[in-house]
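Presented below, as structure tokens, is a lone chain in the form predicted alone.
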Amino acid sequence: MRRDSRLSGVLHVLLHMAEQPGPITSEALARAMSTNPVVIRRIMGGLRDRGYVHSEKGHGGGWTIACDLAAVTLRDIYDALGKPELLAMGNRTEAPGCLVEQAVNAALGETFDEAEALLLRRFGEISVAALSADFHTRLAERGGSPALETNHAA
């Protein structure tokens, strides 16, 4: 089963953008993320609608951060993505006639709800700025430049 990696990808893009002194194009972000610029533009549109990023067209244009990353949490970005499914597991059927399956669904459903609530609460406790600080700590330990082209080394 394919996992939804949009949250991870968007956070990755935002952290790259935070390192840039000016606008960065969808093409440059797409190269860093090994994807198509159309994918970047689609994702960024939702962030722009929430006021997290800004775009400028034309020569010298591109995407820039439009918010204080310390005030934006992983939960905020998750919400901006349209609240994708968090858990890949689910019930075999949603409205079973079998009493055994009803018991299984009840136990699993309650547990899934608790797990989602915990995960979303934790997302709300982590700012994008905290991720940026972690990146800078790792960069300082490894040495090098925060340039988009160089910080993907193993």
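All values reported here derive from a predicted model rather than from experimental measurement. Residue numbers run from 1 along the displayed sequence.
Omitted from view is the form predicted together with another copy of the chain, to which the following refers.
- Message: When the contact criterion is heavy atoms within 4.5 Å, does P23 count as touching another copy of the chain in the predicted complex?
- Response: No, P23 sits far enough from another copy of the chain in the predicted complex that none of its heavy atoms falls within 4.5 Å.
Review point. Can you check whether G90 is within 4.5 Å of another copy of the chain in the predicted complex, heavy atom basis?
Key: Flag for G90 set to yes.
Please run the contact check for A95 against another copy of the chain in the predicted complex: heavy atoms, 4.5 angstroms, yes or no? Output for A95 is no: heavy atoms all beyond 4.5 Å of another copy of the chain.
Worksheet item: Would R122 show up as a contact with another copy of the chain in the predicted complex if we use heavy atoms at 4.5 Å?
Response: Yes, R122 lies within 4.5 Å of another copy of the chain in the predicted complex.
Review point. Counting only heavy atoms and a 4.5 Å cut-off, does another copy of the chain in the predicted complex sit next to every one of S55, D76 and A129?
Key: Per the other structure, none of S55, D76 and A129 touch another copy of the chain.
query: From the list L108, A66, A70, V38, which entry has a heavy atom within 4.5 Å of another copy of the chain in the predicted complex?
result: The residue from L108, A66, A70, V38 that makes the contact is L108.
| If you look in the predicted complex, which residues in 97 to 118 sit within 4.5 Å of another copy of the chain (heavy atoms)? | Sequence-ordered list: G97, C98, L99, V100, E101, Q102, A103, V104, N105, A106, A107, L108, T111, F112, E114, A115, E116, L118.
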